[in-house]
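What follows is one chain in structure tokens, specifically the form predicted on its own.
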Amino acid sequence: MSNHGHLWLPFTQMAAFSFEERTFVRGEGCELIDARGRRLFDAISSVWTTIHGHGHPHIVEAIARQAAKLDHATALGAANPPAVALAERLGALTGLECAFFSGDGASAVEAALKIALQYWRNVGQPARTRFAHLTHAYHGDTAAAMSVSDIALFKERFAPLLFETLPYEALPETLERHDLAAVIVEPRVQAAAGMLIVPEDAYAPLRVARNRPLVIVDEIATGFGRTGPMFAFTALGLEPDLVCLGKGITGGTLALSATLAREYIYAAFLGEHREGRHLFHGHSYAANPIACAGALASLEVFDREHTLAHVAELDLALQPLMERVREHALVREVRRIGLMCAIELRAQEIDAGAAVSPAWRIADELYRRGQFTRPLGDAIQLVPPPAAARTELESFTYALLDALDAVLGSA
């Protein structure tokens, strides 16, 4: 077994992975420092999680205080003050009054799907058991989350675990099905599909108040300022029944997720214990006090540092930068909303060399230039922390153009 080979990394071909080349030992601001001492701009926010930069002192101090007071206590039949406060805060931000906590985004989706199923059972419509999703959807890697996803690369190997779902193409007849429990959608941007932009009219039928299925909005990738507003669904005029949060909920410091529900959803689970109406779902570390304290501190930083106003400034700054990138001979398309950006390459015109793909060759060239990103298919990601400086976005752009020029020149 190779050096450090006991560690198995996600979405990584370990036979080709170098621990010496890609091990991060420290984070400062919007930079990661690897084991060789190289400083790299975290151009993907550590896969869409980091908000205020690494090691923000206000969040670090809140985590340390809570760890010294109460590190963990079960949420199975017991509450803790940070979890109570965070549930109230998220309710005020979203308009969804009740919060059920889990540990990661896929778990939040699993909880939402199970809540939807049991909700219809509790209100006397047990035939509503089907789910619909957008084309190109991605909602996580656990079984139910994969079932409501639509990217073959992530799910085809695991088909025996999955249940059948329906495509949602904004067709009224889909929503009128009497067996449909819920429609789950990503708001505006389908991140894992390569930052695909969903036309706004795709959401229009979901705004109609009829005898419709529940609407679940997956804000795991888009939430906490990534697209501009705190949550992307608000710009679409949606009033979802359930919202899934994760990734940036703690500012990117600790694992935590939340499934938010309207009060009428929550009310359907109330009753005598013997009736069995309560939610039959939970996790050992749900509502962990340290993680909830970190999330509360992150939300305080949003207010103290005017994070959303800074995102608006970065959004404007990115426009001319991405126009320059779009004009490059090796770039097919640039897709962007707010700070979620994908640069689609003309991969057939790029020799992969020793890299696993043309896009990975560009990503490796960027790493050597102090920029850390991961490709999505043939696309290079730029999803910077909302706390990033304008100069850091400029440096990424110049490094990308330099890398593209170097590859073009070697062709």
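These figures come from a predicted structure and were not determined experimentally. A residue's number is simply how far along the shown sequence it sits, counting from 1.
Below: the form predicted in complex with a small molecule, not depicted.
- Here is the short version: of Leu134, Leu299, Ala111, Ala221, the single residue with a heavy atom within 4.5 Å of the small molecule in the predicted complex is Ala221.
- Listed residues Pro213, Pro82, Gly140, Gly252 were compared with the small molecule in the predicted complex; Gly140 is the one with a heavy atom within 4.5 Å.
- The stretch from 323-331, 123-131, 103-111, 171-179 that comes within 4.5 Å of the small molecule in the predicted complex, counting heavy atoms only, is 103-111.
- For the chain shown alone, Phe41 is not a contact residue for the small molecule in the predicted complex, no non-hydrogen atom being within 4.5 angstroms.
- By the criterion of a heavy atom within 4.5 Å, Lys247 is counted among the residues contacting the small molecule in the predicted complex.
- A residue is said to contact a partner when one of its heavy atoms sits within 4.5 Å of a partner heavy atom; Glu186 meets this definition for the small molecule in the predicted complex.
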